[in-house]
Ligand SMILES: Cc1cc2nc3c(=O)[nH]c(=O)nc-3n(C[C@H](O)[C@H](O)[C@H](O)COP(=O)(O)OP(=O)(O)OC[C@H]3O[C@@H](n4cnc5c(N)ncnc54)[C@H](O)[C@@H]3O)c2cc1C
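The chain below stands alone, shown as structure tokens; this is the form predicted alone.
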């Protein structure tokens, strides 16, 4: 049996690899010319695929590894050598991918059977049974799903009750570290000969792409991914929960797991990262707020995003309920801004292809939301810039949550002023903009944009879930104050558009 695996299905035990005698892998290159994908993202995918190929061969598999511009070009060569072959593959989480693969195979005289993707914790049928085939409102809420998965799997459960008596310890995940705190070390995986070869290929073929190619530290093998997991559990997990939402000047990783890229490549299964984390709590080596916070990210949010994307596509990709049309400011590409929080976050993405979830949501997405960026354009930037980004990952997170382009998974926009950034970081103390000022010279851009955003979208947002407090403040402002806010917001937009913010 020939098994065709994709570049995000690189697990040694992925179904149906156990009964395969032949494996097909296709390293397609032309897709990466459509967008200026981060060099580290391309290096990660291509190197992980090549290492997986070599590991399969070491285990005795007969592997056909084809490098080509497109899947179609590779399949032309494959079926010329193997006419009429029947392939077995694993379902992809990306919208339209499975239909396209079937079409490519059948057009060349073969057949493709697809089986459930067992790299995720939950199946499509499980989510559909929970949500119902037709939700009526077309909306989904993560907290109910998260509790359902906990009950079904027994993860962090004490009988019918959650361990510790609470389902969610988010209120214990919002501390900022004291100045004397030093983040734990970041695991480094130095590029071997295979990765260096890929780096050279990427630098040559995609020389004009965005992002730094140096300092590549991501795991590209199963063994390295397991080492990264074990390092997180033993070194980084204990303080992860407390400082989960924090941002600090000059720090790109803090105590975060840095496992999302390995998970999304299939080097690790969801259960393989959750079980050791839970075991650390049970042995007394990690506090519950850290363990529950991580479990919620993996079996709650990640699984939820995958299923909501599947159910809400293709409409979700183009959703824009606030009718935002502005282009992404140049600062997202060059990092040239006096706003300390934005320059830090953009710098992290440029240098590492990574920023943690609060930087993604409450800095990068928040500014774009308040500024009025087209959700699809912001989604494009996230997709090409992050090493862990795939369309199924970014679309619900960026279009649905970060841009509030749809209410399919969130009842309110995640809009915030400088107050939030100051509470969760030390950026404001090093920023020339005044966090306490909304209007006038050197007022923080977040403040005027925030109030202007609420006013501009009042018809849509007033009365939306949990927006009452925000609009009670809107109602207290007089005409003169609103004129000053609009004037400052217009000035901020002009500066951002001109690259002078």
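Residue numbers count along the first chain shown, from 1. These numbers were taken from a predicted model, which means no experiment stands behind them.
Missing here is the form predicted in complex with this ligand; even so, the following discussion is about that form.
*Asks:* On the criterion of a non-hydrogen atom at 4.5 angstroms or closer, are 263, 294 and 305 all touching this ligand in the predicted bound form?
*Replies:* Yes, because 263, 294 and 305 each have a heavy atom that approaches this ligand to within 4.5 Å in the predicted bound form.
*Asks:* Just to be sure I understand the contacts: of 332, 71, 382, 216, which is the one whose heavy atoms reach within 4.5 angstroms of this ligand in the predicted bound form?
*Replies:* Among 332, 71, 382, 216, a heavy atom within 4.5 Å of this ligand in the predicted bound form occurs only for 382.
*Asks:* If the cut-off is 4.5 angstroms on heavy atoms, which of these, 415, 398, 408, 155, is the one near this ligand in the predicted bound form?
*Replies:* Partner contact (heavy atom, 4.5 Å) among the options: 398.
*Asks:* With a 4.5 Å heavy atom cut-off, would you call residue 167 a contact of this ligand in the predicted bound form?
*Replies:* Answer no; every heavy atom of residue 167 is more than 4.5 Å from this ligand in the predicted bound form.
*Asks:* So, in the predicted bound form, is residue 196 in contact with this ligand at a 4.5 angstroms heavy atom limit?
*Replies:* Residue-level check for residue 196: no, no contact with this ligand.
*Asks:* With a cut-off of 4.5 Å between heavy atoms, is residue 298 one of the residues that contacts this ligand in the predicted bound form?
*Replies:* Heavy-atom contact with this ligand at 4.5 Å: present for residue 298.
*Asks:* I'd like to know whether residue 186 contacts this ligand in the predicted bound form, with contact meaning heavy atoms within 4.5 angstroms.
*Replies:* Output for residue 186 is no: heavy atoms all beyond 4.5 Å of this ligand.
*Asks:* Look at the stretches 356-364, 317-325, 91-99, 106-114 and give the one with heavy atoms within 4.5 Å of this ligand in the predicted bound form.
*Replies:* Comparing against this ligand in the predicted bound form, the contact stretch is 356-364.
*Asks:* From first to last in sequence, which residues of 378-415 have any non-hydrogen atom within 4.5 angstroms of this ligand in the predicted bound form?
*Replies:* Sequence-ordered list: 382, 388, 389, 390, 393, 394, 397, 398, 401.
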